[in-house]
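The chain that follows stands alone, in the form predicted on its own, written as structure tokens.
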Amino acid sequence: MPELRSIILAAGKGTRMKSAIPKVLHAVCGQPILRYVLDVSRAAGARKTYVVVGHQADAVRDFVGAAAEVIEQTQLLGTADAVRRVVPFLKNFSGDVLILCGDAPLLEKPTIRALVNRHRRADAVCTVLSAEVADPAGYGRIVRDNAGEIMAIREHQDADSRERKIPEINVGVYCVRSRDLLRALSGVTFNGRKKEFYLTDIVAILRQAKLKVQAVKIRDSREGLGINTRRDLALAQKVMGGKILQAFMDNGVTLVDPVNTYIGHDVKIGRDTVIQPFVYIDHDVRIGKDCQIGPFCRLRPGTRLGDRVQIGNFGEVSRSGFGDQSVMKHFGFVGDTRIGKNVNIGAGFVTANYDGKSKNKTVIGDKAFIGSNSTVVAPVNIAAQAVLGAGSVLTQGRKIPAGKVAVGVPARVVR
């Protein structure tokens, strides 16, 4: 089987986003758009990935890190020119090249794997991913001959009135034999109207050379959504969020009101956990089995909940862990805290974890009892089975020994 490499096009300005942030670094369900595309590339089996950057190249390069080879397109002269930047790295490569758009977070891994497999089974030179949509305005059209064979991809502004009625559009994903890709790129000419080089032109060039080109339709056209505006971003968030919620329900998590529940990318939730309405669970959160979450609470990144934990209404947890069977049933904030097992957190408890310079740690041992409306000014340590009295303030650097009771403002250990 030939080796697969991938090229991700991430050089565009994204001017319609009206943002100082590079388009591919905007987040969908807690993860930058480009992260999803990198994951698809890896899942497709690419042994090496090249990310072509241009606008705000340094920011995109910093995000990519060691995940891929970053190549800069110094002048933004279109998609074909972007792919040409990678040509020096492909001169001695004889496998297949998968080309992806860096602004398409909804592409599914099985879809791209199937595209590569169909490309190889058909012994095609180029396989294009397409979709059929009700309103194709603005998209490149898949132009076929009378036999149904793909002949070209016509960009919207270059299409005639007949071609503009074609509902099948180009998604912007290609699998191409490397040596034929390089030959076709050399034949792409400058488009004077748009003042750029179209990658889509390679289809007509390959067909004119009597080489086999095919288009594979995806069932759900939303997979091909490219993020060009804030509206696109909101739609991608809705679609991705819906898929995440559905997956959790299919795997044994109860969502009482999915419409009013948000769960980010990369969240893990155990079976028989119940999520009440108006719960916001950010990315990088782990929740155990048989937990009760919400309503009206927020779990921020770094939250780790054991089994049978309860976080009730108006609770917020950030970068903190709760041991098995610990509870915080009413409003409160826990940040940068390690909580043991069977701990009871009373209503109105607050960890004052920020001193103006640093986020400080709180440690609460197993079976401790934290009274209502109490505050700890981190760093503090409350040992196992200790009690912090209601309304008390445990000041910075203090400790309540195991089994002891502390009350007052500031809190002091009493007999």
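Source: prediction; values computed, not measured. Numbering starts at 1 and follows the sequence shown.
Another form, the form predicted together with a small molecule, is not on view; read the next lines as being about it.
Scanning Thr79, Ser130, Thr127, Ser320 against the small molecule in the predicted bound form with a 4.5 Å heavy atom cut-off leaves one residue, Thr79. For the residues Ser326, Thr337, Thr303, Thr200, the 4.5 Å heavy atom test against the small molecule in the predicted bound form is passed only by Thr200.
None of the heavy atoms of Ala406 is located within 4.5 Å of the small molecule in the predicted bound form. Using a 4.5 angstroms limit between non-hydrogen atoms, Asp96 is distant from the small molecule in the predicted bound form. At the 4.5 Å threshold, heavy atoms of Glu155 reach the small molecule in the predicted bound form. At a distance threshold of 4.5 angstroms between non-hydrogen atoms, Gln214 is out of contact with the small molecule in the predicted bound form. Considering the small molecule in the predicted bound form, the lone stretch of 328-336, 235-243, 191-199, 311-319 in range is 191-199 [heavy atom distance within 4.5 Å].
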